[in-house]
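We begin with a single chain expressed as structure tokens, specifically the form predicted alone.
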Amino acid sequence: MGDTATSARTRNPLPHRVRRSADQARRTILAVAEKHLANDGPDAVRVQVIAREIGISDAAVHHHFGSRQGLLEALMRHAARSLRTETESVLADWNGKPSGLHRIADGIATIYADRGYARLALWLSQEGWESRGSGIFQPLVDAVHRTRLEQARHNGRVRPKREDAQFAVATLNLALAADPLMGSGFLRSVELPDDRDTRARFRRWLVRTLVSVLLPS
């Protein structure tokens, strides 16, 4: 019996445990959890799997996040921070040209599709979870509205409504979040190929369309 247990440990050695600060531990857990989310979806984000891969106990993961549900919710907050940070980075030197909006749209699509957060958002919503945060894209709305105000003053047009910018950004966010979940069927329904190139062209078209409505030349 002892020889069998020793043989099993030899074949599947426990990972070496590394001492980390609380902040380092949280970041490491989130990074590994996100990897599993991106590769295999929300069901693959399991406390036991993540703990073993990192070299910590299950209890350590629970200590930082409370539960598996808490870990999944923390992942969503992590994604929200990433979205806001990336958006603000682009807007820092945005000159009102569509190229900046294309970069933002590509960044949003990467988080929703490639990093798996569209599936996680759907999974959490089905569990009854609602985000308490808001205003992730507030900087984008403000930048678009500010550009529209400047353009209207320059061209002697009526002052635009801020709500138009809000609706446009919400439309962009909604379309990019839905694409990884139902985009295949939507593309096929209009006889478009279901591939990354088509989806990239759709994003460019969507941004151009919103720009033509919000920022007419």
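Quick caveat: nothing in here was measured; it's all calculated off a predicted structure. When you see a residue number, it is the position in the sequence shown, counting from 1. Rigid core here is just the name for the largest C-alpha set that superposes within 1.5 Å across the two forms.
What follows is about the form predicted in complex with another copy of the chain, which we do not show.
When contacts are judged by a 4.5 Å heavy atom cut-off, Thr28 does not count as touching another copy of the chain in the predicted complex. For the chain shown alone, Arg159 is not a contact residue for another copy of the chain in the predicted complex, no non-hydrogen atom being within 4.5 angstroms.
None of the heavy atoms of Gly66 is located within 4.5 Å of another copy of the chain in the predicted complex. Although the partner is absent from this view, Arg188 contacts another copy of the chain in the predicted complex, with a non-hydrogen atom inside 4.5 angstroms.
The single contact residue among Val32, Ala51, Leu149, Ala178, judged by any heavy atom lying within 4.5 Å of another copy of the chain in the predicted complex, is Ala178. Segments offered: 149-157, 66-74, 188-196, 52-60. Contacting another copy of the chain in the predicted complex at heavy atom distances within 4.5 Å is 188-196.
Contacts with another copy of the chain in the predicted complex, taken as any heavy atom within 4.5 Å, map within 158-186 to Glu163, Asp164, Gln166, Phe167, Ala168, Val169, Ala170, Thr171, Asn173, Leu174, Ala175, Ala177, Ala178, Asp179, Leu181, Met182, Gly183, Ser184, Gly185, Phe186. The Cα position of Leu122 differs by 2 Å or more between the shown form and the other one after fitting on the rigid core. The rigid-core alignment places the CA of Arg84 2 Å or more apart between the shown form and the other one. Relative to the superposed rigid core, the position of the CA of Arg162 differs between the shown form and the other one by less than 2 Å. An increase of at least 3 Å in the separation of the C-alpha atoms of Pro42 and Thr110 is found in the predicted complex, compared with the displayed form. Expansion of the Arg103-Thr87 CA spacing by 3 Å or more is recorded in the predicted complex, set against this form.
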